[in-house]
Structures are given as C-alpha cells and as structure tokens.
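Okay, here we've got a single chain as structure tokens, the form predicted on its own, with questions on binding and movement later.
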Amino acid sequence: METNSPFARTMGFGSERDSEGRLVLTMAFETNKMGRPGFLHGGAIAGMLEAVAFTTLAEALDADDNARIKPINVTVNYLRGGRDALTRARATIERLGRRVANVEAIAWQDDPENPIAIAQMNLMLQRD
C-alpha cells in the first residue's frame, strides 16, 4: 500500500476504512507540519490529498495490469485552515479510463461534510 512509501512514513500517514470500506488516510498534527502558528502547512495538506488519490487509484487498478500512475495536473482548493488536530482524507475516482483517471480527494478534521481542502487530480495511466 502506498501508505508505506518513504513520503508517507515521513509525513506520518496512517490508514483506516470508513463505514463504506473506503480508504481514509490519517495525519496527526506535529510541529514539523505547521505553517502559520497553530495551523497545518498547505503543502502537508496537498501531499496528503495527493497520496490518498494515488493510493485509492492504485487499489482500484490492483487487479489490472502494472499501470504506472503519473500526475497530469493537480488543483487544490483550500477552504479553511487546518487546525492542530487529526486530519483525515479520502478520494473518489470520478472516471477511470484506459489512459486517464480523474480523482477528487477531500481532507477534513471534524466532519467530512466540512472539508478543509479539496483536490481535483487528472492522472495518466501508462500500461505495458
């Protein structure tokens, strides 16, 4: 699983499943992830969103061939500051084609209906 990558270990990502069985990444607040005092750095949030999008897509492709996933573009909308609390993120595959996938990822702290950031990613799939 992608959460075992060096980046995931450095960022301290954990994983769990929600009631629908979807992957949810978790990230505890630490001072090395702090931007302005008391708030998460935007790069930490964006990295978490990208990691959950890649991991969710990799899980969906698991039974497929050895597709390599490469980002085409990433757009992150920061909706509110991430406080010093546990942050969770999950992704939804909007479209999975032969060569391109579109994934939306959200990050939240208290309520998934009140996200702190949302990312839209377009990903290229290179298949052998």
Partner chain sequence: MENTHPTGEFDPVQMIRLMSGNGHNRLIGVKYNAHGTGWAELRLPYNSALVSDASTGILASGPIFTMMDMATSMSIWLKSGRFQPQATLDLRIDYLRPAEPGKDVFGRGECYHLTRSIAFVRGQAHDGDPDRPIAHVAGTYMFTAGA
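Residue numbers count along the first chain shown, from 1. All of these numbers come straight from a predicted model, not from anything done at the bench.
Not pictured, yet referred to below: the form predicted in complex with its partner chain.
- For the chain shown alone, R88 is not a contact residue for its partner chain in the predicted complex, no non-hydrogen atom being within 4.5 angstroms.
- Shown alone here, G38 lies farther than 4.5 Å from its partner chain in the predicted complex, counting heavy atoms only.
- In the predicted complex, no heavy atom of A28 sits within 4.5 Å of its partner chain.
- Using a 4.5 angstroms threshold between heavy atoms, N77 counts as touching its partner chain in the predicted complex.
- No member of the trio S19, G21 and P112 reaches its partner chain in the predicted complex with any non-hydrogen atom inside 4.5 Å.
- Using a 4.5 Å cut-off on any heavy atom, the residues of 5 to 34 that reach its partner chain in the predicted complex are, in sequence order, S5, P6, F7, T10, M11, T31, N32, K33, M34.
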